[in-house]
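Read the single chain below, which is given as C-alpha cells and is the form predicted on its own.
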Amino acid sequence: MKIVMIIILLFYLLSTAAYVAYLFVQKNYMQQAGRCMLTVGFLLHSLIIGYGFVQSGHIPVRNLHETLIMAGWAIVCVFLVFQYKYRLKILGIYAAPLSALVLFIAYQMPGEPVPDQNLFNNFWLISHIVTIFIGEASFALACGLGVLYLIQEHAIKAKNHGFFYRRLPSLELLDTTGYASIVVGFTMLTVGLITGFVYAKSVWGRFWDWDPKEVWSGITWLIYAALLHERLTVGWRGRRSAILSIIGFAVLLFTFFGVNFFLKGHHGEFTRW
C-alpha cells in the first residue's frame, strides 16, 4: 500500500510540474501531460480506495490516514469533472499540488488499525460520507477559483497586462466556474447533512446533538447559503463571491481538522481522530 501511495504521489507531483510548466511556457501539450498524469494517478488512487473497501468491508475513512486519502481522491475527481465541463486548463496549477499535498500528509500519518465496526456498513453513513467529501472537494476548487479571480482582478485594475493577465482566464469564466463549484458543493453538503441527521437518529436516537462537528458543519452550510442567497437576490458576483468562497473554505478546514483535534464529540469516537 505504501509503495502504491508513493507511485500515486509521484504522478501527482509530475502533474504539478507539468501544470507549472504550462503556466510559464503556455504550450498546450504541457497541460495535456499534466492532465494525463493526474488521471493515471487518480485511477491508481481509486484502486487503493477500492482495495481498502474490499479488504475491510467498510468505506475506508476510519482514521485520519484513510480520511485524507479519500479527501485527496475527491479533489482530483471533482477537478477532472470540472475541467472536462468548463475547459479551465489553468486550474490544474491549484488542484494538482493540493491533491499531492493532501496525499503526502496522509502518507506521513500512521494507518492505525481500528476494529471492524458494523456502523460503517450503514447506508445513511456511507451516503453521508460520500456526499460530504464531494461537497468539500467542490468548495476546495471554489476557493482556488476565488484566489485566481482576485489575482486576475488585481492585474486588470492595476492595468498590469503582464504575466498573470495573459495566462489566467477571463473574470467572467472564473466567476461562473466558481459559482458552479459552490452550487455543487452546497448541494452535496446539504445532502450530506440530511443523511447525517438520519444516521444520527438511527444510532443516537436524535437528529441533532450539538456535537462540535455538527455545529461547525452547520456554520459552514450557513456561510455558503448566505453566499448563494445574496448572489441570487442581490447579485453578489465577482470579488465578494471570491472572498466569501475563500472564507468559507477556511471555516471548512477548521471543521475538518480543528474540531477533531481540539474538540471532542461523536465523530471522534468512531473514527479515532
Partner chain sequence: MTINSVSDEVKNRQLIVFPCAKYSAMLDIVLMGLNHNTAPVELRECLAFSKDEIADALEAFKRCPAVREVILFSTCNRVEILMTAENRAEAVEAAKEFLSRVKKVPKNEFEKALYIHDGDEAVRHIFRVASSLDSMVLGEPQILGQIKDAYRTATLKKTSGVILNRLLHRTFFVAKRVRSETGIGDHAVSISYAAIELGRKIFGTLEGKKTLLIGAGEMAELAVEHLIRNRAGDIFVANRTFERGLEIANRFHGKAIRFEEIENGLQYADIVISSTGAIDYIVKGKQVKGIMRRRKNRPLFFIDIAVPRNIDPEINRVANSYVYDIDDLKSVIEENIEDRKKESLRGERIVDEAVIRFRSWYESLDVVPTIVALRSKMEMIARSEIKKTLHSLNHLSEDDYQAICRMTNAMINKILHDPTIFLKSNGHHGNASIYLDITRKLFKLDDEN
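All values reported here derive from a predicted model rather than from experimental measurement. Positions refer to the first chain, counted from 1.
The same protein also exists as the form predicted in complex with the partner chain; that form is not shown, yet it is the one meant from here on.
> Gly235: heavy atom within 4.5 Å of the partner chain in the model of the complex?
Replying inline: Gly235: contacts the partner chain in the model of the complex.
>> Under a 4.5 Å heavy atom criterion, is Ser170 part of the interface with the partner chain in the model of the complex?
In response: Contact check for Ser170: yes, within 4.5 Å of the partner chain in the model of the complex.
> Is there any non-hydrogen atom of Phe139 lying within 4.5 Å of the partner chain in the model of the complex?
Replying inline: No, Phe139 is distant from the partner.
> Is Leu98 close enough to the partner chain in the model of the complex to count, meaning some heavy atom within 4.5 Å?
Replying inline: Because no heavy atom of Leu98 falls inside 4.5 Å of the partner chain in the model of the complex, the answer is no.
> Of Ile126, Val191, Ile105, Ile156, which residue is found within 4.5 angstroms of the partner chain in the model of the complex when only non-hydrogen atoms are counted?
Replying inline: In short, Ile156.
>> Please tell me which of Thr177, Thr131, Gln152, Gln83 lies within 4.5 Å of the partner chain in the model of the complex, judged by heavy atoms.
In response: Exactly one residue meets the criterion: Gln152.
> Tell me which of 59-67, 225-233, 32-40, 211-219 has residues with heavy atoms within 4.5 angstroms of the partner chain in the model of the complex?
Replying inline: Selected range: 225-233.
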